[in-house]
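Here you get one chain, nothing else, as structure tokens; it is the form predicted alone.
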């Protein structure tokens, strides 16, 4: 594709689609132009000429002059269908749809191999941070121990406002929605599903292990209250929603949970809609990446970076899969946690290996102790809105 102008067919023209349009127009060095944009509602007013738009997906998928399909829609099933058909039609594909990718990774891996076309999705994981390409190219050996960090800009924005400006959860969430960092329905963000999809993708590129999203435990910041916030502040800590995958005893585990973060931790100073990722390897100890994790142009720039890479025939090689020493996935791992609840009948403390701290007042109770991650996955009591959990460092 080098030196020729590549024609793009784009699906979706929301926040990321418009962000891509903006960064593409402001970048001089990329020989790419938008030929067609497929949208659902032809009557919605949009900031560019209506001749760009179509409601017929085949105008893109069946057009032999379109080289690259860029998929930026919210509908998971429709996104998978579009990407699959584009790959079968021999088109390179760029996508930002983390849920669609996480839920269909084995099939998408096969489609690339069978049709010998690249499928790039840097924008799906940490917006502006080039984490997948680093895992693919720089950490292409098996010395990586862990990938962990903040990979949801919406929840980090909310937590920043709560801790730095003493805003209430509801006010901070509303601000995040007003700025376009959080969706109208914020469930995927605040309950930790969005970072879970991202860690499933990163786990494959870090360790070569395919994991279904439902195997990974996620618990977000939706039960956070003033008592938890005071608990953190009294210990000179902040709270961050952390996604993590880590190699341990020949296996790999992953989860998304709110953590109590101390000041010495590099993630402590990752504020607002920024993401921060720590990579831990045998010889380099920790390496730290930080960048904008939400917003149209931040994500659009990652999409553009993938389009640019296609000009040089770049593709993921999935080297860890080919090394044939993938660790098995497990949830059999011990975590030290703070568990807050209202009445003793709401939780099962017998699930804990040990309890090192216990507190009771007329309104709230908490324990600090060690529990198995698998027990947390199975714990029905975590569904109770009066119960919250934080991982301690």
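Residue numbers count along the first chain shown, from 1. Bear in mind that the values here come from a model prediction, so they are computed numbers and not experimental data.
FYI, the form predicted in complex with a small molecule isn't displayed, but the following is about it.
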item: Interface residue in the predicted bound form among 73, 239, 267, 172, criterion: non-hydrogen atom within 4.5 angstroms of the small molecule; value: 73
item: Residue among 363, 41, 357, 345 with a heavy atom within 4.5 Å of the small molecule in the predicted bound form; value: 41
item: The small molecule contact in the predicted bound form: residue 90, any heavy atom under 4.5 Å; value: no
item: Touches the small molecule in the predicted bound form: residue 183 (any heavy atom, 4.5 Å); value: yes
item: is_contact(residue 78, the small molecule) in the predicted bound form, heavy atom dist at most 4.5 Å; value: yes
item: Contact flag, residue 156 vs the small molecule in the predicted bound form, heavy atom cut 4.5 Å; value: no
item: Residue stretch of 219 to 227, 289 to 297, 241 to 249, 257 to 265 approaching the small molecule in the predicted bound form, non-hydrogen atom distance within 4.5 Å; value: 289 to 297
